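The chain below stands alone and is given in structure tokens; this is the form predicted alone.
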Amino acid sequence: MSEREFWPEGVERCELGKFLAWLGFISIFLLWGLYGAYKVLGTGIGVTALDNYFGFGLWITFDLAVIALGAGAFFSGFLRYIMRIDELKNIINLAVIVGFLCYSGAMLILVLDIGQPLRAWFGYWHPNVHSMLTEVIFCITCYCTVLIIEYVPLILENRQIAKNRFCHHLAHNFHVYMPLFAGIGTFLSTFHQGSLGGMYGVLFGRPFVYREGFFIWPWTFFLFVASAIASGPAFTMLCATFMEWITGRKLVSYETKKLMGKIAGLLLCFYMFFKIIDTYAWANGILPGMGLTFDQMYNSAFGYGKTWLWLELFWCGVIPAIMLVTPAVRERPALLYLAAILDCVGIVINRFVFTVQALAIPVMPFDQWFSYFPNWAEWSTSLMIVAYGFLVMSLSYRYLPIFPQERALNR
């Protein structure tokens, strides 16, 4: 039996030698990251640039960023299976895989970040019911399980696996109940995305991220949810485009991409409206109430100047929001992709300033500003997760029927 018989029916893939060379290139980063993980797990997180001042750094920034960008899975699933937007059927499989990679990668990073992974089960068995992170622990674990359940039918639809009668019927039954899993995933992901933001909002001792309450949550709870659903569809669309560039094949119609761009644009407008109000209320209400000023929250000499604020709100917020809701812009691929990239970069900046800048700002009269620079151990393990994503996505593209339109688009 030749390898070609494992490919999706009616499509072409590169020759095996090229594919193995590509996997070899990916393996370089995997091996480097595994060495970094070995050093971290073997000697402790003291091998990293993290310390008692910066308990959060590159890993948590990376974690929160990929979790937000992976929101394309739960929100696309919600739109496809709950709201019945049938046009998304052409990209929903990719959204599921991207979400699975983002969430599983985030959990792998957490194994390193918690310092004592053998005690990771403490969070489940001895939960702190007063901490928002407890809700995050349970929801992210359950949602990762949902994504695995959504990914399994794609594996079972491999040409050779599907010849097995049991696997064929199992995959069919999974698809029948997919709206149920989409609804559960939407519920779980919404609450853990929000609680990640709420965690920062309740930190009264960190004025940069502290926010007042809306009902029982600080309003950062809702801002994190809004930012995630605003960036998730854009990131999924960019992943499809990047795969087209790598493979040289059309995988998703441009009409589907324009729809994803429109959805992301409308959601980004919604998010930016409230984010700007939030920034104004924080600068003119919360900070003065604490006896602080807006300027005290920024220090260019340490790399935490107001440039980050303008990048997040204007260049990577307002500008891409306007671009994505403008039909003429969406008709031009280069502008559509640029706007989507800016959208995703803006969310990553948001997670960075909430995670790192919040810890760099002095909170006591005798404190001073501190700078944080991740070292090789943090970079290698983070790139390992990226390489892991490339590996799984490469194997999925080669052997699984991810793109329903590929056959028709490449005739």
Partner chain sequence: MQQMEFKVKWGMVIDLDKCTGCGACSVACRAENNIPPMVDASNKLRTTDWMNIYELNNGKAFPHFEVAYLPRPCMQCGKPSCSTVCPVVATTKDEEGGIVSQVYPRCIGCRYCMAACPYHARYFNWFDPVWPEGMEKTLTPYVSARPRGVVEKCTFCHHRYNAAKEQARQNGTDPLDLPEDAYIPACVEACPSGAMVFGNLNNPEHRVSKLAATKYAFRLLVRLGTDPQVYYYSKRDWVRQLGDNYLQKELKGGEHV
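Positions refer to the first chain, counted from 1. The model shown is predicted, which means the values in this text are computed figures rather than measured ones.
A second form of this protein, the form predicted together with its partner chain, is not displayed here; the remarks below concern that form.
Novice: Counting non-hydrogen atoms within 4.5 angstroms of its partner chain in the model of the complex, say which of His169, Arg332, His126, Lys163 makes the cut.
Specialist: That would be His126.
Novice: Report the residue, out of Tyr280, Tyr177, Trp245, Phe204, that has at least one non-hydrogen atom within 4.5 angstroms of its partner chain in the model of the complex.
Specialist: Filtering the options by heavy-atom distance leaves Phe204.
Novice: Only one of these stretches, 65 to 73, 380 to 388, 27 to 35, 359 to 367, has heavy atoms within 4.5 Å of its partner chain in the model of the complex; which one is it?
Specialist: Selected range: 359 to 367.
Novice: Each of Gly42, Gly46 and Ile137 within 4.5 Å of its partner chain in the model of the complex, by any heavy atom, yes or no?
Specialist: Every residue of the spot touches its partner chain in the model of the complex.
Novice: State yes or no: in the model of the complex, is some non-hydrogen atom of Met290 no more than 4.5 angstroms from a non-hydrogen atom of its partner chain?
Specialist: Heavy-atom contact with its partner chain at 4.5 Å: present for Met290.
Novice: So in the model of the complex, does any heavy atom of Gly115 sit within 4.5 Å of its partner chain?
Specialist: Judged by the heavy-atom cut-off of 4.5 Å, Gly115 is in contact with its partner chain in the model of the complex.
Novice: Should Met132 be classed as touching its partner chain in the model of the complex when contacts are defined as heavy atoms within 4.5 Å?
Specialist: Yes, contact at 4.5 Å.
Novice: Any of the heavy atoms of Val345 lying within 4.5 Å of its partner chain in the model of the complex?
Specialist: Val345 lies outside the contact set for its partner chain.
Novice: Using a 4.5 Å cut-off on heavy atoms, what residues in 47 to 64 are near its partner chain in the model of the complex?
Specialist: Residues within 4.5 Å: Val47, Thr48, Ala49, Leu50, Asp51, Asn52, Tyr53, Gly55, Phe56.
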